[in-house]
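A single chain comes next, written as structure tokens; it is the form predicted on its own.
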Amino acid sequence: MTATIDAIRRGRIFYLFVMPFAVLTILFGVWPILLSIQVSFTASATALRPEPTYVGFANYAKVFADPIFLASLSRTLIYTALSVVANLAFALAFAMLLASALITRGNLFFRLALFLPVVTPDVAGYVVWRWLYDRSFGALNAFLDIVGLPAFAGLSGKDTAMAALLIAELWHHAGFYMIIFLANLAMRDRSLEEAAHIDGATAWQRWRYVILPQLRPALIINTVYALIQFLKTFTVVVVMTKGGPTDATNFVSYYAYQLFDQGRYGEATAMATILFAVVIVISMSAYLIGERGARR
């Protein structure tokens, strides 16, 4: 009887702490998403009225018939794939370096230096990067000129704008993924590495067959988070390129914002809903693939 009362009491305490966060999540997370989905089924001219006119899937038909949207979706998927691979590879490499015996002095300094961009305000950081890339007086091209290398087109080049954004976002996000890898590395079973070393395994074999499998939790978390992060890339585009040059960085989130700014609310929210579905499907698929691999 006493155990039952204690269990009920613990349950009440748990829900007491969870309730404020649940309410905030519903009010500012779930509810706006549901309203956005509702608007996507209405005519843009009446979307914000108390009694809007519902047009079914007409907005979705317009969106999928729009070549600019299809190009932006393809561009978003390519940028996401490149960004996820680059960020996770960079973060893992530095996490392995900082967790090794190669850097003992100044280890904390390097960790803080790599994590500092994560807590730097997005807009401030991207404004600095925009000036760095400037072809006339940017620091990057000034340095390239000093060492005798050709100028980097950066944000003004159709073939380089996406790479320029990727580098800026790598600077901003990689430190977060590195911290998660470092936490996982700190929890790994080092006795397995010692046993593999005694058995004659090379450094590469120890990393590939002993360390990397133990990093699967961090890999899954980082992959899912990075997919969500880069599929909805928006702030860096607004600050640095405005979707240009010639739509080279016009991703789905920014194109939907442009349509919303034009008063095309139905189509804009339809795009947002499609992007939301893409994020859910891809991130959940990545998670399930990772979990399935962990069980083998």
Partner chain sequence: MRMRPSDILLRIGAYAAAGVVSLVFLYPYWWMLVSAFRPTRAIMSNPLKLFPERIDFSIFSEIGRIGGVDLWVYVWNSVLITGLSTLLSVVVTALGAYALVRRPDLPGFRFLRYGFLVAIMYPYMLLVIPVYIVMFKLGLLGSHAGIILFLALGPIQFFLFEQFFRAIPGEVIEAAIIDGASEAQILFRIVLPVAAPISATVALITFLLNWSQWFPILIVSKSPDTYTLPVALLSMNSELGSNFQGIMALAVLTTLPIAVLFLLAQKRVMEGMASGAVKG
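Take the two forms, superpose them, and find the largest set of C-alpha atoms that agree within 1.5 Å; that set is the rigid core. Just so we're clear, the structure is a prediction, and the values are computed from it rather than from any experiment. Positions refer to the first chain, counted from 1.
The form predicted together with its partner chain exists for this protein as well; it is not shown, and the discussion that follows is about that form.
For the interface check, one of 207-215, 148-156, 78-86, 123-131 should have non-hydrogen atoms within 4.5 Å of its partner chain in the predicted complex; which one?
Partner-contacting stretch among the options: 123-131.
Since the partner isn't included here, can you check whether its partner chain sits close to all of T25, S136 and I221 in the predicted complex (heavy atom within 4.5 Å for each)?
Every listed residue reaches its partner chain in the predicted complex, so yes.
If you check L166, L73, A201, I179 against its partner chain in the predicted complex, which one has a heavy atom within 4.5 Å?
Checking each option against its partner chain in the predicted complex, the one that comes within 4.5 Å is I179.
By the heavy atom within 4.5 Å rule, which residue out of F64, Y54, F234, F57 makes contact with its partner chain in the predicted complex?
Going through each option in turn, the one that passes is F234.
Consider L35 of the chain shown here, and say whether it contacts its partner chain in the predicted complex, taking contact as heavy atoms within 4.5 Å.
Within the cut-off, so yes.
Is G244 part of the interface with its partner chain in the predicted complex - any heavy atom within 4.5 Å?
Answer no; every heavy atom of G244 is more than 4.5 Å from its partner chain in the predicted complex.
Counting only non-hydrogen atoms and a 4.5 angstroms cut-off, does V239 reach its partner chain in the predicted complex?
The answer is yes: V239 has a heavy atom within 4.5 Å of its partner chain.
Spell out, yes or no, whether the shortest heavy atom distance between L112 and its partner chain in the predicted complex is within 4.5 Å.
Heavy-atom contact with its partner chain at 4.5 Å: present for L112.
Within 190-217, which residues have a heavy atom closer than or equal to 4.5 Å from its partner chain in the predicted complex?
If the 4.5 Å heavy-atom criterion is applied to its partner chain in the predicted complex, 190-217 yields nothing.
With both forms fit on the core, has F17 moved 2 Å or more by CA between this form and the one not shown?
Comparing the forms between this form and the one not shown, which are aligned on their rigid core, F17 does shift its C-alpha by 2 Å or more.
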